[in-house]
Each structure stands twice: as C-alpha cells, then as structure tokens.
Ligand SMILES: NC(=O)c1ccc[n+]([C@@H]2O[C@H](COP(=O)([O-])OP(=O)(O)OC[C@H]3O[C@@H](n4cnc5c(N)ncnc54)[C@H](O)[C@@H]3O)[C@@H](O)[C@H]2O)c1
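Just one chain follows, in the form predicted on its own, and it is written as structure tokens.
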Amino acid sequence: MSKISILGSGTWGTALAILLSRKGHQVTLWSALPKELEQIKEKHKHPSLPEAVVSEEILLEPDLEKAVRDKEVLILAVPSIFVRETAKKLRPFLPESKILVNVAKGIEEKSLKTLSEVVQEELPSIDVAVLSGPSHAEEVSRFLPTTCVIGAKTKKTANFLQEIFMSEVFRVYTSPDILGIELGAALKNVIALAAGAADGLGFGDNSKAALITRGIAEITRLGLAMGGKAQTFAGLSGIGDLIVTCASVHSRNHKAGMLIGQGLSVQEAMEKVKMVVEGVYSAKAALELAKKYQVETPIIREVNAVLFSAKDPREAVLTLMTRDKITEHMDLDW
C-alpha cells in the first residue's frame, strides 16, 4: 500500500481520502483551513458529506510540509482558483519526480491554462497527472459504483495510479490525453450552469437533452481545436461528466444555474450554494479560448452574457433557439 497525501479537505478531497483509506493506503488529509480539519476530527464527518464516516486512520494535518513529507503520491484537491497558490506553497517541500494528481476542474481565467499546465509551471520537475469523470463526492464517499479516467504523460505513471485508485467500487481507466480530459472537466461546468438555468426556468427534459448534446458538440469543437482527442470527449471525462453534472442534485454548478434561472443574481446563487461554483470561474476563460481558436460556442457565449452582462436567462434561450439555420454535422455529405 502507498503513502498518499490529499491537499484540500473539501468534499472531493475528503471523499477520496475515505475511498483510498478503505483500500488500505496510508492517507494524510491537509487543509489550508485548520478549523475545517478540527470539525472533521471532532465529528469524524465532513459537514457536506453527512452520510460518510472519516476514519481515525486518516491523518488530519494542517502543516503542509509535514503533510507532503515522504509521500509517494500527492493529490491536489483544492478549488481551481487556489491551484496556483497551493502549487507555489508546495515548491520548497517537493523533491524531483514526485507524482502529483490534480483532481480540480477548471481553467485559469487570466492565463487560459489548464490546471495541470499551471501546476507544471510552478513545479516543473513534478510528474503531473489528472483524475476526472462522473464522480460526485457524495456518492464516492458512500462507496457507490463509480468510473473515472486517469490522464498521465507515461503509461507507467498511468498504470501505477490506476492500481492506486482502482477498487470494486471505483473503476479507473487510463488515457494519454491529459489536455482533452481537463478541457472536458472544465467546460462541462459551464454547460451545467445552462442546464440548471433551464430547470430554474421550468423547462423540461427536452431542453436538458438539447443542452447536453449541443453542449458536448461545443466542448468537442473547442477541444479538438486545442489539440484534444475526439475519443476523450465521447468518454468519461466528456459526455459522462457532462451528463452527471447537468442532471444531478449533487451538482453545485447545476444548482447555481437553477437559482439564477429562478431569478437570483450570480452572487446570490453562489452564496446559497455555499461551495465554489467552478463553472462561473471557467466561463470567461472558455469564451476567451473559443475566440482565440475561432470556434463557435453559442451556449458558452450565452452563459457568459447571463453571468457577466445581466442578460435575462429567457432572452438567452431565445437567442439560442432563433440562431441561423444550420445542419447538425458539418462534415457529413448529402
């Protein structure tokens, strides 16, 4: 079994700590918020995972240097907006060739970099991998069957991490397409905001199905233009993660979108969700990437208009529905 440190004691970091500890790994859970760790230690529970038990075997460590010392694998589970800051803090403590798995989902707004690129920039000697897929923390922490994909630079690292994570309740596939995995993971949060808004407006299953299918079309177009692989967007970190994020009661992006559709402001919606709504932070970056690579992304464009230009969600839907007539697949011949 391996010595693993999980950096970030939010719901996803805590769920992974529970999962990996159950498999027999020696797990340390670190947080930049000591009070959060104290809460977990006192009740053996995370406040947002009431059905899950945090075993005493999981070491709760507020000191970053101690948390990462002599560990075989680091798992970066902080919100996307704190990835660069946390990577910088790690720099003095990490030897060369350490494996770090990023499980946060997002795109850095200012640089337009994926999160693994951000980590690699701050920690150039680190072997960065990613884990993504349809995997709500609430279900993983209860050991409900889940499948994810590991993206890594080498097959050796991918296979090593596959063995680390794989269990009878957590099936893991491997892929060399780190970029595609991260783009699918980040962009689906933006589409999920639209799906939530549609629910908040009182629309039905037809509307959600349309947003999911046309949403994956946008994600795939942009992802391919940036160098991702088509198979990735048809897989777990693409359509798989998009479906679960657009439809689940556990999805914070869907919930925030629903509240916006019901008339709340973006700020009010985020405050009510009480967790970081990654799609709000990825939306601007997604639109800038679409402009940079000259890719048409109408749903992403309208989400930005609602979030940052106070456009009424109903008006945004009307804009989408009355666009110029086009064929569904441009590359199909008559």
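All residue numbers are counted from 1 along the displayed sequence. None of these values were measured; they are calculated from a predicted model.
The same protein has a further form, the form predicted together with the named molecule, not shown here; the description that follows concerns it.
- None of 133-141, 223-231, 174-182, 203-211 except one has non-hydrogen atoms within 4.5 angstroms of the named molecule in the model of the complex; the exception is 133-141.
- Shown alone here, Val266 lies farther than 4.5 Å from the named molecule in the model of the complex, counting heavy atoms only.
- Among residues of the shown chain, Gly240 is not one whose heavy atoms approach the named molecule to within 4.5 Å in the model of the complex.
- Contact annotation: Ser21 falls outside 4.5 Å of the named molecule in the model of the complex, judged by heavy atom distances.
- In the model of the complex, Glu288 stays away from the named molecule, with no heavy atom inside 4.5 Å.
- Contacts with the named molecule in the model of the complex, taken as any heavy atom within 4.5 Å, map within 18-55 to Ser31, Ala32, Leu33, Glu36.
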